[in-house]
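Only one chain is included here, represented as structure tokens and corresponding to the form predicted alone.
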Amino acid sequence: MHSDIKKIIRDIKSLKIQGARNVAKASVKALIIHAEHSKASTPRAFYNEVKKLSAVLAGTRPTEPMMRNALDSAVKFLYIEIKGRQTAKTVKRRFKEKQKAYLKKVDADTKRLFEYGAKLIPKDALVITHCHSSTVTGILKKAKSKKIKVIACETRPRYQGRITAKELANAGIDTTIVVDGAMNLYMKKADLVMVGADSITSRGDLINKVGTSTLAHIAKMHDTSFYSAAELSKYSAMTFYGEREKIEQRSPKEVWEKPPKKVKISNPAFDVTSAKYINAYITEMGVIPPPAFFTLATKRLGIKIYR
């Protein structure tokens, strides 16, 4: 395995690469690097290499369907390619072109999503956000001219809200960071809540950083609109068949480095927010209600549910 690919794998595992879109793009870049350095002499051998690498990449972050969808699409494309009478060199070249096109498409989709999200934010709005989402910060920076103010929850564990606060402050946006327990206090003054997404189920439920569900419940209590910015490729196809996304556990040392011997520590990375608490998803195809996410995502991803 090439050293650059090993670094990508380490960076994804260690959370140095954060955000579903960034993780997906990094995994695709790993495939491109492999194609550039592969010594496979036949299309079938190259296919087997990519399939194996894709499995390794997918295992680095279980709760990332956007990455899984990107990897699955790459493997399926290659499976079709190797059926033709092509040389390994040609297959590798076409594979690289396909993956580079994916990266360009992701960037184009992101720009459209930013536009839709920014339109939702009224002038002089107070927006609450949670954790760090490059999609959300992109939207907020796009709406900067509206003189918005942002309340960023610090988001324990790992304090990823600090990344959001720093990024927005550097962009010239009036930003205040608060402890997670202060959600309710600031919700009384908020115009809307906007968070990112790690995964969306077939029911339209949102899987995101732990604390998101609490934020959504509090928003509902105060009749404050709650939005999630999510590309359609964050749809988790396996949830249609009754499977559940794995809720990863992080290191207990993040919570308490040296706890008393009899104290148990649970450190979940994500929680699930029911679709009924979500006003809409902001996607690259527009602002849509949660029940519509499944239909649009399966169509966009080319997933055939019915025969």
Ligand code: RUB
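Note that the coordinates shown come from a computational prediction; the quantities given were computed from them, not determined experimentally. The first residue of the sequence shown is number 1, and the count goes up from there.
Here the subject shifts to the form predicted together with the named molecule, a form of this protein not shown in this document.
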ask   = Since the chain is shown here on its own, which stretch among 90-98, 181-189, 67-75, 132-140 would lie within 4.5 Å of the named molecule in the model of the complex, judged by heavy atoms?
value = 132-140
request  = Consider D198 of the chain shown here, and say whether it contacts the named molecule in the model of the complex, taking contact as heavy atoms within 4.5 Å.
outcome  = yes
request  = Tell me, yes or no, whether P290 is in contact with the named molecule in the model of the complex, where a contact means a heavy atom of each within 4.5 Å.
outcome  = no
Contact label in the model of the complex: H34 to the named molecule, heavy atom within 4.5 Å = no
query = With the cut-off set at 4.5 Å between non-hydrogen atoms, does Q18 touch the named molecule in the model of the complex?
reply = yes
key: Members of 199-232 lying within 4.5 angstroms of the named molecule, judged by heavy atom, in the model of the complex   = N208, K209
